[in-house]
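We begin with a single chain expressed as structure tokens, specifically the form predicted on its own.
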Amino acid sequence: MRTVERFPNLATAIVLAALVVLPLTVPATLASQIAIFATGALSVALLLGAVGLLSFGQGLYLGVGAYVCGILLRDAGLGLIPALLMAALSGTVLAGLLGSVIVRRHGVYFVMLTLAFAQMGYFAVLAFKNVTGGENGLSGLPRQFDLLGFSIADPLSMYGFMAGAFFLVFLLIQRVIASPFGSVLAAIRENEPRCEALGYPVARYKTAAVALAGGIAGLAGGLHVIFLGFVPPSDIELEMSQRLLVIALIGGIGSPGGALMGSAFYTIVSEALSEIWPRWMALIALLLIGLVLFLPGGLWGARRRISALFARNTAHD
């Protein structure tokens, strides 16, 4: 994030309250989607906010995590938590391997490499259709799970699980940003040549950040599969990377909490607009342009502005 959250406890309380209120304001199925995409957007926010790396490849790691989770659930009979852990691990390993190559490039070259690898992943899914199902995706996955004696089958229990997973990742990201590792990432973002001159292994730090973000995206892919009950090939398409990037920008990369706000805004607005006009993505693009021009800090940044204005007015009174 551009700056460390000044009041992390307040941010945590706001996110927790939003997760509790969310299923009371929208259908539980829609709330689950919001939590899933918010988890994926955290991977984008981590790279772009903490390290300044713009990646169009997060959809690749999300898709890989989705396919790994789906195959393990259907063919290996693996349980819910082990399958999700393997989805996260697959995203971490793949992102670490690719990151060791792409972090040595800067600017547009880094962006183009993430884009190229994302496209390669999608074509690989289509090519190995005996494993991935090709354009039809993977079906026949279990739709009901047990966790510590509790059944996860109905929409509300499914949302509870998705929201819990997002909140754990949110806390992890906050901890990473506040750690010495996060401080080094922030220093790299601000002045990479100086960090190299001070002796920091910049490439290793950036690779570690890419791997961590890949693991988070892989976990989001696994969550999406559990929610849907099948693996759609759209999970690994370039459009998924674009969606996660747009959600992160709408919410604001100044704090991990922006991922939830951006996901809620994007998901709810897209659902409403899609019923009004088939080309609703054009309206989303206009909304994004307006947010970038007038709210460069995103919705989370607007929250902080309002809080600061309220505190100033209270002090004057």
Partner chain sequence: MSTQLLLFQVLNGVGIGMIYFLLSVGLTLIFGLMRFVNFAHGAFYLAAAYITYAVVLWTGSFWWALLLGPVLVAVLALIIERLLLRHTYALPHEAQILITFAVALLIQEVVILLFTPLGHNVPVPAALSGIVFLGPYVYPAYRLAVVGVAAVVAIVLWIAIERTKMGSILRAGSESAEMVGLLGINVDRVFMATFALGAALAGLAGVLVAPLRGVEPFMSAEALGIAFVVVVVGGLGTLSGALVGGILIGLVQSIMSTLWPEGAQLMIYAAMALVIMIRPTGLMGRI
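We call the rigid core the largest set of C-alpha positions that still match within 1.5 Å between the two forms. Residue numbers count along the first chain shown, from 1. None of the values given here were measured: they were computed from a predicted structure.
Quick note: we don't show the form predicted together with the partner chain, though the next part is all about it.
With the partner left out here, the partner chain still marks one of 170-178, 208-216, 192-200, 236-244 in the model of the complex; by a 4.5 Å heavy atom cut-off that stretch is 236-244. Proximity of 52, 107 and 249 to the partner chain in the model of the complex is complete: all three residues have a non-hydrogen atom within 4.5 angstroms. The partner chain is not shown here, but in the model of the complex it comes within 4.5 Å of a heavy atom of residue 123. Heavy atoms of residue 111 reach within 4.5 Å of the partner chain in the model of the complex, making it an interface residue.
Although the partner is absent from this view, residue 293 contacts the partner chain in the model of the complex, with a non-hydrogen atom inside 4.5 angstroms. At least one heavy atom of residue 117 is located within 4.5 Å of the partner chain in the model of the complex. A single residue from the set 131, 147, 101, 76 has any heavy atom within 4.5 angstroms of the partner chain in the model of the complex; that residue is 101. After superposing the rigid core, the Cα of residue 290 is displaced by 2 Å or more between this form and the one not shown.
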